[in-house]
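In structure tokens, one chain follows: the form predicted alone.
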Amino acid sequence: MAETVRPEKGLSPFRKVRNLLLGSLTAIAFVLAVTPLLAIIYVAYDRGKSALSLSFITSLPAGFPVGIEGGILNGIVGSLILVVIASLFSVPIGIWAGLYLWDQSHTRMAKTTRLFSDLLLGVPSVIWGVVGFYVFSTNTGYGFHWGFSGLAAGLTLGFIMVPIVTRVTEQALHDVPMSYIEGALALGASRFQMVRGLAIPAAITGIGTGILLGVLNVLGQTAPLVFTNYYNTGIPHSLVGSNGSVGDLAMQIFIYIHEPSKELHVKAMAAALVLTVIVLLLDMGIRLLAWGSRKYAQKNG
């Protein structure tokens, strides 16, 4: 029986040194990549741990100045409301636009659409805030006249998400091997059947990543909220009108950290840690959903 030879035994000294060097550089790059996240978690926990408790995430801010007592329940609920509204608006449009750009990539219309989509990626969030103010919030001129409200803020954030979801969806579909697509079409599948049963399931992980990038982007926005929502210390009973504004963790952190009170600074860092945990949970949740969808497609394909 032939003896199995490990590949490392036949390597020259130069290749061994090169592999060791490249492996070391990879390890250093990994450490440098995760260091900012670990630094954020460490600093937020170290400076905000005294405020962390169950009541901190289950109670509303109170006292004077507002927030000196109570917790951040309003910010958690408001952030989730804004993310849901933004996602309901942007995800269908972004995925549909990405499918169009992928399927019709050779046409002039698709090239023009891609150009405008890429330009929208570079628009500063403060400009989106101004646009949202005039389209959704203001009671003068044109627009929907919703006032400072969660619906106005959520739709404005949705506009920010659309080009992100569109671009990543298109790229994820381009990563699907062309042989798979040609094989499905050769077996008699229609274009719609190929997209629904093959292209989207094969690209679902990339599409989920695009949605996640969009959600993470809007979770940290404050400028659009200043123009369309601002801040609410309670739980909203409506998403439009004078009482329609919602709380938001990013805005709450921004307000607390600019107050002279050291207690509010501690709460701002604790809220930053909570927001980071929410981001990590969303990341894991979307990846699990993408993994489950891919497994289901493979099982029923």
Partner chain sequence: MEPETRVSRTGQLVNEEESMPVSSVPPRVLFQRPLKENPRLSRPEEPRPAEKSVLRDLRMSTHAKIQRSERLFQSMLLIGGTFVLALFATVLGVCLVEAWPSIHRFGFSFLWTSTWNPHRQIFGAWTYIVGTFWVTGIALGFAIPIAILSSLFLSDYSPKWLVGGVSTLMEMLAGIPSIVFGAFGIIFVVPLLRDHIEPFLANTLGTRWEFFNGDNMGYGILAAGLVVGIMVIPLVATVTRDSLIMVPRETVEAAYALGSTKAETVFFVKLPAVVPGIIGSVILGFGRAIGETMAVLLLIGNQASIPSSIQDVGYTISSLLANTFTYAVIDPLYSAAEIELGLILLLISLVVNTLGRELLMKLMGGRLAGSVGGG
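Rigid core: the largest C-alpha set superposing within 1.5 Å between the two forms. Residue numbers count along the first chain shown, from 1. In this text, all values refer to a predicted model and were calculated from it rather than measured experimentally.
One more form of this protein, predicted together with its partner chain, exists but is not displayed; see below.
> Do heavy atoms from each of 18, 159 and 275 fall within 4.5 Å of its partner chain in the predicted bound form?
Replying inline: Per the other structure, all of 18, 159 and 275 touch its partner chain.
> Can you pick the one in 66, 250, 52, 240 that has a heavy atom within 4.5 Å of its partner chain in the predicted bound form?
Replying inline: Here the answer is residue option 250.
> Only one of 97, 151, 207, 83 has a non-hydrogen atom within 4.5 angstroms of its partner chain in the predicted bound form; which is it?
Replying inline: Answer to the contact question: 97.
> Taking heavy atoms and a 4.5 Å cut-off, does residue 134 contact its partner chain in the predicted bound form?
Replying inline: Contact check for residue 134: yes, within 4.5 Å of its partner chain in the predicted bound form.
> Any of the heavy atoms of residue 279 lying within 4.5 Å of its partner chain in the predicted bound form?
Replying inline: Yes, residue 279 lies within 4.5 Å of its partner chain in the predicted bound form.
> Any of the heavy atoms of residue 87 lying within 4.5 Å of its partner chain in the predicted bound form?
Replying inline: Outside the cut-off, so no.
>> Test of understanding: in the predicted bound form, would residue 26 fall inside 4.5 Å of its partner chain by heavy atoms?
In response: Residue 26: yes, in contact with its partner chain in the predicted bound form.
> Among 53-61, 66-74, 256-264, 231-239, which stretch has residues whose heavy atoms lie within 4.5 Å of its partner chain in the predicted bound form?
Replying inline: Heavy atoms within 4.5 Å of its partner chain in the predicted bound form occur in 256-264.
>> Within 4.5 Å of its partner chain in the predicted bound form, counting any non-hydrogen atom, which residues from 22-36 show up?
In response: Going through 22-36 in order - heavy atoms within 4.5 Å of its partner chain in the predicted bound form - the hits are 22, 23, 25, 26, 27, 29, 30, 32, 33, 34, 36.
> Does residue 190 move its CA by 2 angstroms or more between this form and the one not shown when the core is aligned?
Replying inline: Residue 190: C-alpha displaced by 2 Å or more between this form and the one not shown.
>> I want to check residue 40: does it shift between this form and the one not shown by 2 Å or more at the Cα, with the core superposed?
In response: Yes.
> Is residue 68 among the residues whose Cα moves by 2 Å or more between this form and the one not shown after superposition of the rigid core?
Replying inline: Residue 68: C-alpha displaced by less than 2 Å between this form and the one not shown.
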